[in-house]
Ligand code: IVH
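Below, in structure tokens: the form predicted alone, a single chain.
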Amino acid sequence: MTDPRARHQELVQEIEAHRHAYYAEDAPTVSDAEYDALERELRELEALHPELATPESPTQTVGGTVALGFASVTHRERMMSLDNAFSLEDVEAWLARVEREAGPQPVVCEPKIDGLSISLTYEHGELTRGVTRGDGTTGEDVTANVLTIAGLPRTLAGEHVPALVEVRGEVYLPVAAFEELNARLLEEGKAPYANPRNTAAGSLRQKDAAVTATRPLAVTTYALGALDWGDGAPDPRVGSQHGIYAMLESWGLPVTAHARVVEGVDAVDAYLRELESGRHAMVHEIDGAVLKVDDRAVQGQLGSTSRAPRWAIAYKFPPEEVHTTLEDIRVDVGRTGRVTPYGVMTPVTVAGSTVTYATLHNAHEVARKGVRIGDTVVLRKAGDVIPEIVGPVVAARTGAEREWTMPTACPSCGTELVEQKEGDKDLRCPNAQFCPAQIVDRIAFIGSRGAFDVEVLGEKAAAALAESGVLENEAGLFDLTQDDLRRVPLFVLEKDSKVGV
């Protein structure tokens, strides 16, 4: 980098633009992984050139803002962000820093819910205000909307209730509720929402609380801000992080059932592995785990930076959802004649593997998702296995994107495509006997594990057999001789007379 100052300014502008889209518009233009990479680059640049790390840098501030139309409220105690860890080595380094300053410490591990941070003020046990995190110092007053959340008590239970407390938590939309909401929108002919987090954020920040009331939002609480016991004695449970969870639960507030106190990096690693393997069974989406020193006195000893506590860190799972460019939409003809559109994308790593292609199922699905050739699209692996295009990033459109039209003729044999039955969403090629693509796919299917499991009979071998003229269709597969195979360049005959590829 010949001009670090120019690159620093470029990164700051890009990060601030992404922050505005995420926090103010609830419409992110890059994936979490891409944003994290930009922020990491900025941190590394500032480490090499400390003079660039001004108090206004994104590395020193909490992302967020107060949108127009909401009253701004100053938090009694700042709401901070968290520094991120992306590997077990990062976690181990954080634990080592804690140990150097305070000795070995038990750590509370809990899921990192992918939602919207909220501060709830209870005065003499009554819910009086709900405020978004905003920039950490000032947030948006969304009290009317918060009061519509069914699982959130308006009055704290129990006898040991403080005169005033700021309870910190995360508002989210349960995955099942999100899917039901999208199904209803589709029935009404409306576009579905992209993901639960943005839907939850947009729902909580509705100008009309009646709209928020129609969204089945939920909340999980996990921390305290300002706390005043009044004339009463402090609850002794306030001395530990796990004690705070027990105290919140005793007041009737929802807390996670997945928090655990552990000691040492091996125990932390075991928790992270267990959490990641079961993440899709949870009622809400998570994108990692939060690790906190359990002893609150030690928390105070460790202190905070300008934006994040030193006694806590967020461990981020490898991204399951990324952004990439949809370079083209093509169609594939299967062994049954079904013609399936699929997306060709700029190669991108998601859930640990590189993805270039993803099915779009049928023309109706392409229209429903609203994707265009040239779009920046959200890509994820459904169930960590099958690549799926979720939808376009509309805010990233430039006007150069192109609508796609389903072909009317088979791309393999030119036969006019038809519906198998009236109203069928899939189109098929009816030329089952002579369509080259169908013949190749059927031959490959015969060699697959689900059929005869012929090791050397895959897609390439099937195509070679069909294109060489040795086979007209799969019916002749069992009549092949060694002389026939010698006519196929892909095949060679080994000394033991076994066919190899």
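Not measured: the values here are computed from a predicted model. In case it trips you up, residue 1 is the first one in the sequence shown, and so on.
The next section is about a form of this same protein that is not shown, the form predicted together with the ligand.
Colleague: Counting heavy atoms only and using a 4.5 Å cut-off, do Thr29, Arg372 and Pro392 all touch the ligand in the model of the complex?
Modeller: Verified in the model of the complex; spot residues all out of contact, no.
Colleague: Out of Tyr172, Phe178, Tyr122, Trp311, which one falls within 4.5 Å of the ligand in the model of the complex, going by heavy atoms?
Modeller: Going through each option in turn, the one that passes is Trp311.
Colleague: Please tell me which of Arg338, Lys112, Lys381, His75 lies within 4.5 Å of the ligand in the model of the complex, judged by heavy atoms.
Modeller: Result of the distance check: Lys112.
Colleague: To test your reading of this chain, name the stretch in 340 to 348, 97 to 105, 264 to 272, 286 to 294 whose heavy atoms come within 4.5 Å of the ligand in the model of the complex.
Modeller: That would be stretch 286 to 294.
Colleague: In the model of the complex, is there a heavy atom of the ligand that lies within 4.5 Å of any heavy atom of Ser81, even though the partner is absent here?
Modeller: Ser81 belongs to the contact set for the ligand.
Colleague: How about Arg133: is it within 4.5 Å of the ligand in the model of the complex, going by heavy atoms?
Modeller: Arg133: yes, in contact with the ligand in the model of the complex.
Colleague: Any of the heavy atoms of Ser117 lying within 4.5 Å of the ligand in the model of the complex?
Modeller: Ser117 belongs to the contact set for the ligand.
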